[in-house]
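The chain below stands alone and is given as structure tokens, in the form predicted on its own.
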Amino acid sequence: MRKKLIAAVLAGAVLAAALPVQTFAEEEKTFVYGTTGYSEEMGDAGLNPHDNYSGWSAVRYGVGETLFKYNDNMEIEPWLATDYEFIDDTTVKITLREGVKFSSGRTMDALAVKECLEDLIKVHDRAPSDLKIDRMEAEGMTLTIYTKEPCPAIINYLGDPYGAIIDMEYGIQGEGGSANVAGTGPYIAEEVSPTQIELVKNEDYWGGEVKVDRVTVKSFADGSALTAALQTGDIQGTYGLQYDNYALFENNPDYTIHSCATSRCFFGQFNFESEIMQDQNVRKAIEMGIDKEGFCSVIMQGRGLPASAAFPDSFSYGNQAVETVSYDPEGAKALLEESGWTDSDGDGYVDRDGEKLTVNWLTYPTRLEQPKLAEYAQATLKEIGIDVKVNNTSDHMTYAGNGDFDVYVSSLTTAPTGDPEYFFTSTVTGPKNYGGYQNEEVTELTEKLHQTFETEERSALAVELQQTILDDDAMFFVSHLNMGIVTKSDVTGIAAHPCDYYEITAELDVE
């Protein structure tokens, strides 16, 4: 009997050894994301939404969320809030979502939101003039905001990434490009630096299961290095590929390309303090001498759409609603000649009183399209006799702030809130008006837009404002970005979005 028992035990041991060992802990899912959209020179390093444009990074990488967000049609919808009501022109009551916690463990309520927004309008450069907040009252899950004057776009502005709700009791950990915060999003930042962010999933996320355990966001300043990293597998997804590199991943089953049109616009501001740029004929000739169609098709490989104005065709107040000049080299030459600029010495460049017409073109390298645009414009403007000197520098803000340029070309998401007001208050009459453009009519129209509630009237004002700016030749608009995110084919739950936010979400997965 004892021999039979021993035999049975041995047989069981052999059978157990033959069976696969059961793994109780699933393998950790990780995702490494490369981007050219995160850097100190772009003003969005770190995760403190109350600092410059760092709110974009907080929202893009799943750490912060706003009271309201934008859908694929750029329409506003609730997020951390569930509803709102305008009590009168200067009072709005916002109902907050129940069951939301900060990554610090604190429960989000109206008092926490009030504390966050109070700090925002105390320290941020744009939020006070956008939101016009006078005071706030917090009661349970209801926040009541009183504005100093009518502010019809306040709900749209509360969806701007600077409005990401963070726990002010936890505070801002670190400074500048290393700043970390406690948000409500699907990810918690463990480490933050100006070049890399290490994220872990928020186990207590209110919005459901977070599928990926760890995410690394890496900043790339060089487009070729970004492409190589995706090809070698060092990263699994990317934002900001050079346009001539998309062909490497098209029709390749190992990769997926996600793209959509956005309101990000590449545009130039003329410096009205520059003696040369004070001549409207010269400003108009520069715009007429840039081949926008050629730039979008040849240089951007069809991933840019020619721009006539600040907003794309998808907006009712976009390109199609305004009248502007077209590419016309001969017409540009005529304008220059009218102002006395002719090629008197036959060197191919126009001159006047012995001085060659030289334009100092300021831009920066992080947005890979901008140096390419500078080179392209340099070539096409040479054809009409203008000598373009390009200053492509990461220190562009110093030059722009000092007015050390004739033309400053940058990029901006002109309607990040799904509303036209932002572009005018931030760039035309606001702190990003580096060219010093002033027009009393534009100022009055912008103020009228800020206080107008009716949607169609707001659209009409946006068209009138753009047309006035174009008639003054104060700015020129070259291209709207067709945003692209490229991933390995086993990555799902990530997509391009018209507002250029919401990149890393709870839906991200690696199969």
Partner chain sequence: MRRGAAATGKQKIKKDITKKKLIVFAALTLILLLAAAFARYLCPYDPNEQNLLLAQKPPGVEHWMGTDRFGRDMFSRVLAGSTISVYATLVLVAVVTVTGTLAGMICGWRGGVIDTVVMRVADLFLAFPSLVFALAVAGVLGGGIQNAVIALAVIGWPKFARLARGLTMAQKEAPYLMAARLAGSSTPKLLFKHILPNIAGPVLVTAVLDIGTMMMELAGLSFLGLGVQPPVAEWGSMINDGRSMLQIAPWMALAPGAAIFVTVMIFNLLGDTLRDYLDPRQRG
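Numbering follows the first chain given and starts at 1. Under this definition, the rigid core comprises the largest set of C-alpha atoms superposing within 1.5 Å between the forms. Nothing here was measured: the structure is a model prediction, and the numbers come from that model.
Form predicted in complex with its partner chain: not shown, discussed below.
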**Request:** Select, from the options 332 to 340, 385 to 393, 135 to 143, 76 to 84, the stretch whose residues sit within 4.5 angstroms of its partner chain in the predicted bound form by heavy atom distance.
**Result:** 385 to 393
**Request:** Check whether residue 294 has any heavy atom within 4.5 Å of a heavy atom of its partner chain in the predicted bound form, and answer yes or no.
**Result:** yes
**Prompt:** Can you check whether residue 372 is within 4.5 Å of its partner chain in the predicted bound form, heavy atom basis?
**Reply:** yes
**Item:** 4.5 angstroms heavy atom contact with its partner chain in the predicted bound form for residue 325
**Value:** no
**Request:** With heavy atoms only and a cut-off of 4.5 Å, decide whether residue 403 touches its partner chain in the predicted bound form.
**Result:** no
**Complete:** Picking from 231, 281, 104, 95, the single residue whose non-hydrogen atoms come within 4.5 angstroms of its partner chain in the predicted bound form is 231
**Complete:** The one option of 200, 257, 298, 260 with any heavy atom within 4.5 Å of its partner chain in the predicted bound form is 298
**Item:** Neighbours of its partner chain in the predicted bound form among 207 to 234 [non-hydrogen atom within 4.5 angstroms]
**Value:** 222, 224, 227, 231
**Asked** After the core is matched up, is the C-alpha of residue 386 off by 2 Å or more between this form and the one not shown?
**Response** yes
**Message:** Superposing on the rigid core, is the Cα displacement of residue 327 between this form and the one not shown 2 Å or more?
**Reply:** yes
